[in-house]
Ligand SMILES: Cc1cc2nc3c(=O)[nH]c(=O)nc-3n(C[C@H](O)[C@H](O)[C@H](O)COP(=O)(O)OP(=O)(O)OC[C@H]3O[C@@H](n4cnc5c(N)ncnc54)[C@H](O)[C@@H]3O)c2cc1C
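Quick heads-up: it's one chain on its own, the form predicted on its own, in C-alpha cells.
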Amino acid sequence: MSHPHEGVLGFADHKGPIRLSADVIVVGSGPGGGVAAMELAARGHDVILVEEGPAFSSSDFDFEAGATMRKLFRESCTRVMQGNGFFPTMQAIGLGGGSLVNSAISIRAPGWVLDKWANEHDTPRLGAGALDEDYAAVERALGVAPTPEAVMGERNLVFKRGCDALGISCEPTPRNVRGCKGSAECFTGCRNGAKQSTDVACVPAVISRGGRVLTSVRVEGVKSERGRVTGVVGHVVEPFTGKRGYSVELDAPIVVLAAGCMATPRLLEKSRLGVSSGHAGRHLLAHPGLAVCALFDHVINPFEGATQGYHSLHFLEQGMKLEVLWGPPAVLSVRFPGFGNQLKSHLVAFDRMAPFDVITNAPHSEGEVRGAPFGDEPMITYHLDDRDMATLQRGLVILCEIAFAAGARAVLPGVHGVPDPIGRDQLHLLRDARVTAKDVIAGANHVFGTTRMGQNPRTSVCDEWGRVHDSRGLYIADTGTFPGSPSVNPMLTCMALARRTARRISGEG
C-alpha cells in the first residue's frame, strides 16, 4: 500500500519561486478544503490544494502533550479568545487541519437546526434533509460508524452506566475511523493510522486524479480583476518557525477558501474581497465547554479506550451536548486543584478518574476576528453571555449526577468558589453557586460564523452554496459559512457543505 502522502510537495521540495496555474485553487486542507478538493478533482477539475502547515506521518506524532502542541497547533496552542473570560481555542496547522487532531466525531446536524437556519438565518434551501445526500457521501468516504464496544474502555462505559441509571439517553459516538484500537491518542495524532483525517481520506484521491498538493505554503491574498478572482499569492514558509521563503503565485479562475473561520475572514480583509456587507470577521460563534473529573474507587485507566466513545444528545434542544472526554495527562492535570501533597494526591489517583464534558450551542454569545496591529495572527474576541454560562453550569451539574449514578465517590468540578472535590451531598454548592465566565476556563474549539451564508448580500458574506456575494469565482468552504450553531460537532456538516459547494462549482445542483 502506498503512503497516503505520496506525491505531496513539502518544504524541502520547494526549490525556488512557485508559479502554477489550475482550474481551481483550494486554500486549506482541513475538513472543508480536503473534501472540496477531493470532490472537485473527482469531477475532472485540475485542482491545486494549498496548506500552510507540513504533512505529518504517524511516526511524527508524539504522545507528550507539550511537543504535540508546539508542532500541531497555531501559536503553539496558546491561542485564546479575549473577552469577559478566558477562552482557549485550538486550531491545527498541518495537512489535514482540524481533522488531524480532533476526536473524529462525525455527527449530522439535526433537522431542526437546519430548519432554524432556513427560517431565521436566510438560508431557505438548507432546511432539514437538504444535506442528506452530501452527508451520506462523506460518511461513506470517511468510514463513519458508531464507536464499537470493543474499543470503549471503562472511561466511556461508566458514562453510559450513569446515563442509564438516570434514564438519560446516550449512544456510541459516530466517528470517521477505520480499525480504531482505542488508544485515546486522537488529540496528539493517531499513531495507529486509523483516523480518516482528510490527509488520509481525501489527499490521495486528489493526487490520484492529477491534482497537486502543496504544503508549507501560506496564502496571503486573493488576486482579482474587475470583480473576478484570478488566483492567490503567498510565500513558502518554514515549518514550525513560519519564516518566509520563496514567493508563490497560483493562477485560477476559481478559488475556494477553506482556511478556517479565523483565517478566511482575514484573507478576505487583506484582499478587499467579500467585505462589502461589513460582516466578514463578525458573528464569531462557538461551543464553549466545561469539564468535570469523576473520582472512582475502582480502576478506570482513562488513558485506554476511544477518546470520546459515548455522548448524550438528551438535552440538545436545551442547548447542551454531554460527552466523555480525554486528552493527554499533562493537559488534563493542569485542572487539578492545589499544590504540593494535595496535587500529588490527585496525580496518584489518576488511574481512577474519568473526565466528562458539556458543550453548549451558546445562542446568546458572539465574538469577532480582526487583524492585529502587528504579526500574522488574528485578534479574536468573544463574550460569553450569562444565559449561556447558566446553561453550562446546569450541564456541569448533570455531569456530576451522571458520575455519582455511575458510582463515583467525588467529582472535581473545576469552578472557582466551589470546593474541589465535592461529594454527592455537596452537589448543591455547584447548583446554587453564582458562576460567571471569569470563574471557569471554558475551552471553545468548535468555532464558526465569521463569513456567514445567506441570500441577502447586505447581511451575509456568501450564499447558500458558499459563493461570495461580491466576487465572481470566489467560494468559502469552512465553518465560517455557518449562519448559526450546528448544536453538535461541526466537522461533518462542514464536509457536507464543502461537497455541496464542489457540486455547485461543477454545475450540479
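The first residue of the sequence shown is number 1, and the count goes up from there. Quantities reported herein were computed from a predicted structural model and do not represent experimental measurements.
Form predicted in complex with the ligand: not shown, discussed below.
The ligand isn't shown here, but in the predicted bound form which of Val411, Ala286, Met81, Val101 has a heavy atom within 4.5 Å of it? Looking at the other structure, the residue within range turns out to be Val101.
Tell me which of 89-97, 135-143, 428-436, 372-380 has residues with heavy atoms within 4.5 angstroms of the ligand in the predicted bound form? Stretch with heavy atoms near the partner: 89-97.
How about Thr68: is it within 4.5 Å of the ligand in the predicted bound form, going by heavy atoms? Because no heavy atom of Thr68 falls inside 4.5 Å of the ligand in the predicted bound form, the answer is no.
Can Gly260 be called a contact residue for the ligand in the predicted bound form at 4.5 Å between heavy atoms? Gly260: yes, in contact with the ligand in the predicted bound form.
Would you check, heavy atoms only and a 4.5 Å threshold, whether His121 touches the ligand in the predicted bound form? No, His121 stays farther than 4.5 Å from the ligand in the predicted bound form.
Might Lys116 be said to contact the ligand in the predicted bound form, defining contact as any heavy atom within 4.5 Å? Lys116 lies outside the contact set for the ligand.
Residues Ser29, Arg74 and Asn489 all lining the ligand in the predicted bound form, heavy atom within 4.5 Å: So, yes: the whole triplet contacts the ligand.
Partner contacts in the predicted bound form for 202-223 (non-hydrogen atom within 4.5 angstroms of the ligand): Read in sequence order, the residues that approach the ligand (within 4.5 Å, in the predicted bound form) are Val217, Arg218, Val219.
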